[in-house]
Structures are given as structure tokens and as C-alpha cells.
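Form predicted alone, single chain, as C-alpha cells, below.
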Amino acid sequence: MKGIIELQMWQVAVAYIFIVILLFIVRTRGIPREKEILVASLRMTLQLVLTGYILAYIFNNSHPLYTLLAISVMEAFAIYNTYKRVKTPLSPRLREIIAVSMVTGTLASLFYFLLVVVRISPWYDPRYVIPIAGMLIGNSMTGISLGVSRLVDGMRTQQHLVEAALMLGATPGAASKQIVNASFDAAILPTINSMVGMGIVFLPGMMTGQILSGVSPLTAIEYQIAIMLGILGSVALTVVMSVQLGYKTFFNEECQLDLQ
């Protein structure tokens, strides 16, 4: 079996031709995105290089504190990015719920996956924990951002419907049920859609990386199925917690709608 093909620096450098092509396209079409493309490319490069050196150190000096620190940093950035992705203002209570939902949902899914599905030993092995945590947290961040955005928009645009239901005697939960369900559906739909096309339309990054590193395609498929199910579970847990608890922040103690 052939090993992985090592890329030289010049080989990585020539891949930046795709950035040049994109810059040429947006310039000729008059789309003002050159600066954003250059900044995004530079940030991606610097962040990945820095991450590579950090991971190399952690992998060579395996310790539970390093692993937990890495997970904590990923959680913190995911929560921060979720706040930034939701364009509408978030109340302090809703921010707390987002943070608790993200941490609780992703950690529960992560440790179940590691200790029950993969059964790694030791439990803090960074070569397994950090990449898997990154996939679960990253996808959950996307899901919770979509869910909360849809929830906030729904509560504001359908304010009259919610208030009408409350006047007819409905509880806040019953009055908001349709909005909460729509928010959950919108959040998990991208994950479901990716599962539909997986293996036929495209090969996921994790599976591709394993195959390129010399792992048997069948082994790579087993891992990909398991991690995809873990991602689905993590997204579902984080989103359902955030929207199910989040809608309550729009009501006061008298069960009145309060969008302040």
C-alpha cells in the first residue's frame, strides 16, 4: 500500500492559482470582493499554519489538560462566532442559553462518541479527541446559528400571531410551537441534505483524508458513517436545547410577549 504523498512548499504555493482565478473573475465582473478574498486567504493560511504547529506539539506531548484546553478554546470560539452570525440583537438570557446549549450538546455527543462508539484509550488521546471535537462543534455552531436566527426572526415577524394565540388562552409554549419547530427544522436541514448526497455526490473531508493517508476505503467509510451520525446527534441536541429554551426568553413572568 502506498503511503501519503508529501506536499512540498512549492506544491502548496501553486495551489494559490485558484485564488488568482477567483480574483480575476470578480474583478472582470465588477464585484467588489477582492479585499475580502485576500483577507480570507491570508487568515486561512496563517490560522492553519499556527494550528498545525500547535497540534503537532499537543500530539507529541499528550496530556489531558492540553486536550481539555483545546476543546475549551474551540467551544469559546464557536459560541463567539454564533453570536456574530446572528445579525439581530440577542438578549443576555438568550446568549446564556446559546452558550449552555453549545457546551452541553457538543460535549455529551463527543464523549459518548469517544467512549462508547470509538472506545479510545486513553480518553484524552488528542489525535482522536481534537479532530472529532472540531467536526462536532463546527457543525453544531452552524446549526445553532441557523436555529437561533430563525427563532428570533420568527418571534418578531409573527408577533401578532403569537399575541393572538396568547389572548385566546394559549400558553407561551403552544403559541410559539410552530416557530420553534420551524427553527429546529431549518437548523438540521443542511445536515440532513449533506447526508443524502454523501458518498455519491461528494466524499467528505474526513473520509478523503483517511483514504489519501493510506487507510482502506472500507475503514474510512465506517469512520465516516459513525462521525456523521455523531454530528447529526450533536446538531440535534444543541439546536433543540437552544430553541426550546430560547423561546422562553421572549416572554416575561406574566407570560406576555416581550421583545425588548
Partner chain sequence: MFCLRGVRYRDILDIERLEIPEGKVTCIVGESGSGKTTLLRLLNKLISYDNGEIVYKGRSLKDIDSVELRRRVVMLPQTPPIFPGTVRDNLLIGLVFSEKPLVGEEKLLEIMEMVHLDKGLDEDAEKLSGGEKQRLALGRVLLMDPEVFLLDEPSSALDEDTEEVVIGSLVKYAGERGKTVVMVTHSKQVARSFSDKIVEINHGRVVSR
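Everything numeric here is computed off the predicted structure, so don't read it as measured data. Residue numbers count along the first chain shown, from 1.
Keep in mind the form predicted together with its partner chain is missing from the figure; the text below concerns it.
Across the proposed site, Ala182, Asp185 and Leu245 without exception lack any heavy atom within 4.5 Å of its partner chain in the predicted bound form. With the partner omitted here, the stretch from 82 to 90, 123 to 131, 170 to 178, 108 to 116 that lies within 4.5 Å of its partner chain by heavy atoms in the predicted bound form is 170 to 178. Proximity of Glu254 to its partner chain in the predicted bound form falls within the 4.5 Å heavy atom cutoff.
Remark: Ala76 does not count among the residues lining its partner chain in the predicted bound form, judged by a heavy atom distance of 4.5 Å or less. Remark: Val100 does not count among the residues lining its partner chain in the predicted bound form, judged by a heavy atom distance of 4.5 Å or less. At least one heavy atom of Leu161 is located within 4.5 Å of its partner chain in the predicted bound form.
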